[in-house]
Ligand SMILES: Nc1nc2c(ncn2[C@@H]2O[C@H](COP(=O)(O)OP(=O)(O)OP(=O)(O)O)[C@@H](O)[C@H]2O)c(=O)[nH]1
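Shown next as structure tokens: one chain only, the form predicted on its own.
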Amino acid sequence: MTQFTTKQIRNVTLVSHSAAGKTSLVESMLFTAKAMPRIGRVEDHTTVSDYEPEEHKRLTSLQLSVVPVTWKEHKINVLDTPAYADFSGETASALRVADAAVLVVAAPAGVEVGTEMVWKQLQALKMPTLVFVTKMDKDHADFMRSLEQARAKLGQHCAAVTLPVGAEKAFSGVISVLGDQARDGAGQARERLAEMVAETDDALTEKFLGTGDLTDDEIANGLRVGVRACGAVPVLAGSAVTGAGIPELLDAIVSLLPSPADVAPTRAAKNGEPVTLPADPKGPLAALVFKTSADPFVGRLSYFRVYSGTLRGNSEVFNSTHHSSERIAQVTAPMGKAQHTVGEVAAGDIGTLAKLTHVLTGDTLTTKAEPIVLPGIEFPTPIYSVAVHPKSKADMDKLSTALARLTEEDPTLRISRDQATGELIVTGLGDTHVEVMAERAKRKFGVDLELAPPKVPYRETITKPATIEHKHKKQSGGHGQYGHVVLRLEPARRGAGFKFVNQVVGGAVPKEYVPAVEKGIQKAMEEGAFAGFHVTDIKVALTDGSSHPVDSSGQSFELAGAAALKHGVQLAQPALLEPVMRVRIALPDEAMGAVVGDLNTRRAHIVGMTPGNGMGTIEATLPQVEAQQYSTKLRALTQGRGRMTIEFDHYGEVPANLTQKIVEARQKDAVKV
């Protein structure tokens, strides 16, 4: 395999709104570069970058894929990413290791919601970007409309560098804005490009204002500088189906976008001190693992990018994140699903390693002598929860291993056990995300899962004081059973839990039996007094009782305490408590009214609303039963623009009109069991 210098490498991620055509664009790039004899089709399941059955089923990308394209003695590592929000963790990984981006826009649709959202990410990262307007061969394709939308929504520093010839079904190719061929057909576009380039450099600005024009060389050189400084965004036209405009796109990636050697040195830490690492193949080794693939046959496959030094086969590396050494046998380079053996991977390039023992996504591979730690990856926080139930005993036996492997593969999946309900909870980024997790569990590890909304861990409490007396008395030959207690129940402040006090005087209940009374009360609290939920926020005082010299025992007083607690709660105006979550929602200002209105139908309490410069925030508290799968509704109300975070806030009282429904549902579940 050809070896490329760091200057010859381009790490470029493809990002877009859903269904813009990124995967088809990768196919066309490979075909144009003569790496493939034909262009694969998403519909035929023959593309290089979409290779998993779950992607074939949905005809869309669900994971990050790395596809190298060789073009004019340069290696372009194309990182194809999912556009669907449920898989934005994959996009986060790609953006972490890319040096530049191609923002793909479908000509018939123009700049869409997802385009704007990913553009904001690119701006925040200060990532050099090209815009490629694809699908110019389709009905209703309109390049100029897409260009004007890009200027309006992405910024006036967007300018065309290629223009389509013909339109829709008459589309036949593209011409460059620069060069002799462009003089007649692209004068206005050239003038706009020259004006944009002039704005990126004081000397060019002065000349442009003085002469009204720049030479082609000045525009080309100024454009390169402007793109790398994020002051210029070239816009190109083409079609992945016909291949028109693809050579020009590849040329632009090579000539305008930076190599790893051109970007600022990477910030890292060494022995706790900050350091900067230029992309030098001879420097100290520092490689970041940005993706992990769990394969039941091959084992763990780790994708990495080298930021400094060279990672070679038949060597040893040190995982500075988890302080463990790993033996490296073979180093490979990815091509979609396939892996090709290479001797080494130098600074700036991307490779893969199989069967590493302790390495996870976000870890740094370095040397023990110079233990460098690279910044990890910031993943979106999972917010959509489901309960996971294995369908059979065989599935139960394999469940923990399968879920552990799947969370290694996808850091945006979280697994937890709800101690109150006993359920195993999987939290992801949305309904499709967790559905795909279940499909992969079955395909990869043979574990069949059922997904259901999680049970809400309601709790019981009381709202007024009550006194209850209970006498446990039983005679069945020989020693009988006798325990007599009088309890006073009082509500405690919310979150106080349980407090027991002994107020017996005169030894009515012998001291040796008092712990048994408390134990019985606590057992009854766990079982619930009226709905089967844990009792909390209650103060219980043992005030009186009696004993029998022969028949009394610890067990008798334990049973008496339990029964007294259950009966006492019934007399103390019981109520249900529910977990209430604090949610923070970022959304377009124009969607605030609709979201607030919807939240109000879900028993939300709006804590604050802050309009912004187009994007505002809503802070609210929301019952868990309404919040745990709210992300899907939020997307619908905000056209996909809304984002939310969620965390536990407190337990609040359930309205009386809902309590009876919850109790009846609980009783039905108990009958089924």
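Sequential numbering from 1, following the sequence displayed. If you're wondering where the values come from, they're calculated on a predicted model, not measured in any experiment.
One more form of this protein should be noted, the form predicted together with the ligand, which is absent from this view; the next part is about it.
In the model of the complex, the ligand sits within 4.5 Å of a heavy atom of S18. In the model of the complex, the ligand lies farther than 4.5 Å from every heavy atom of S631.
Looking at V235, you'd find every heavy atom of it more than 4.5 angstroms from the ligand in the model of the complex. Using a 4.5 angstroms limit between non-hydrogen atoms, L122 is distant from the ligand in the model of the complex. Contact with the ligand, judged by heavy atoms within 4.5 Å in the model of the complex, is confined among 222-230, 81-89, 360-368, 493-501 to 81-89. Among V48, V42, A604, I618, the residue placing a heavy atom within 4.5 Å of the ligand in the model of the complex is V42.
Out of the listed residues S308, T162, S239, T115, S239 is the one that sits within 4.5 Å of the ligand in the model of the complex by at least one heavy atom. Residues from 125-139 that approach the ligand in the model of the complex with a non-hydrogen atom closer than or equal to 4.5 Å are T134, K135, D137, K138, in the order they occur in the chain.
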